[in-house]
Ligand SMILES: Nc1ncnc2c1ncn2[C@@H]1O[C@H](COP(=O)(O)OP(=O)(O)OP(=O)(O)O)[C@@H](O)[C@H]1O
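The chain below stands alone, shown as structure tokens; this is the form predicted on its own.
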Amino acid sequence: MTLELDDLRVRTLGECRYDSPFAEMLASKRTSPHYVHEDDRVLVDDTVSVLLGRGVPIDRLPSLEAAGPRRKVYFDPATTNVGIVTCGGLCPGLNDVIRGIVQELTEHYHVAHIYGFRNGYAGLTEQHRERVVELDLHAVRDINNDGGTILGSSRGDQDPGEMVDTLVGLGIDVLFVIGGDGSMRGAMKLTKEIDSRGLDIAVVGVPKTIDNDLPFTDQSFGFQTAFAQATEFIASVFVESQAAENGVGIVKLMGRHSGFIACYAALSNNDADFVLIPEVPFVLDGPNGVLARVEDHVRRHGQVVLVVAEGAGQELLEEEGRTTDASGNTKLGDIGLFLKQKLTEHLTAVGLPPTVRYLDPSYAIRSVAANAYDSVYCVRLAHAAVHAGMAGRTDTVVVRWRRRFVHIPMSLITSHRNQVDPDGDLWMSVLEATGQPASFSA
């Protein structure tokens, strides 16, 4: 994807005229290794060869607007009403983001009202809009200690017209959408409807995905917590496989299109012998196929552990009768159970009847509270989102890029998927840690 500077400019509702509560604090700040001034920008590229290859002047290099507090804001805090909605699948840290947004809006901006919409975009529809809750410091106290989201969530499209009617009815000036790529597409439909009516409502996204597959962000919040949880399941099947004759441990982890959780979890405790991800196709049969490689490992070591992302090997499964979920995603075949069956059949046939331990912890790794690292990350994203919304940024998401917090257009976060690069250093580390071949071929 070729990016130009103009592709990266974020929308603003207009000139910022009101003094920010941070104006005095910001008066003497300048760009440093630890801070980016609001008038400065963060480069997209970070290698000399890529920068030189752009062939443009420095001020035309692709760059991103720095996130953070501004000296002036667009909305008058005293009269500003704010809405928060969480959408899509659960993810560690959702409550941390909600809490961070409410605290920042209350303690620093002193906004008029903060409303929480229940159960995703459905909470903005005519049928459910009466279930809106008002959020204050008491309502969000200690919610960071719990997994999930106090607002509930849901998947699926809703009518943008109905949702905007709800925003108008409550006098909402800024809506914060916490969700994945489908949620951001829904937010873009909202901004389109808002624009068509000529309304002054900002929509700011805090993107999340348990799979870490959103582009233009160093890492999605909750991801570190999720793969840390996953390592415990890998450790469990490792112990089980060691204790049994011809022990085979299989752990299936989340990762519909991207194998980041599988890769990081496997690297974390180094108990996995094979890691299978969607980005690297594999075959079962033949002298270099998965079955033969696993057989060889069992013969030499007496046991084996496989970690497989849920989206891996889908081309090996029957596609007939596949359906879609509420978000429009094709429901995946169960690669974990498929491998369990095939490995059992193969090892039995070659005189190595296995004891198989299969774990699918899917929801167990996403429904927990965020760990300390993710909690800090979530709070900082929440602060950045509030500053963006109060400054009138719209159709915009806040992310961390090259360890700097920045704004990017919402359309870019849905433009493609972040995936493990088979030629990149992460996959190279996995190959080094497991000792598995770079490819499985017939």
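Because the structure is predicted, anything quoted here is derived from the model rather than measured. Note that residue numbering follows the sequence shown and begins at 1.
Heads up, the form predicted together with the named molecule isn't pictured, but that's what we're talking about next.
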query	finding
Site status for the named molecule placed as in the predicted bound form, C-alpha superposition, 2.4 Å backbone or C-beta test	blocked
Contact residue in the predicted bound form, from 246, 106, 268, 154 (heavy atom within 4.5 Å of the named molecule)	154
Of 88, 278, 100, 83, the one that lies within 4.5 Å of the named molecule in the predicted bound form (heavy atoms)	88
One stretch from 231-239, 172-180, 133-141, 69-77 that, in the predicted bound form, holds residues within 4.5 Å of the named molecule by heavy atom	172-180
Contact flag, residue 185 vs the named molecule in the predicted bound form, heavy atom cut 4.5 Å	yes
Partner contact for residue 117 in the predicted bound form: the named molecule, 4.5 angstroms, heavy atom	no
The named molecule contact in the predicted bound form: residue 121, any heavy atom under 4.5 Å	yes
Any non-hydrogen atom of residue 158 within 4.5 angstroms of the named molecule in the predicted bound form	yes
Residues in 93-112 with any heavy atom within 4.5 Å of the named molecule in the predicted bound form	none
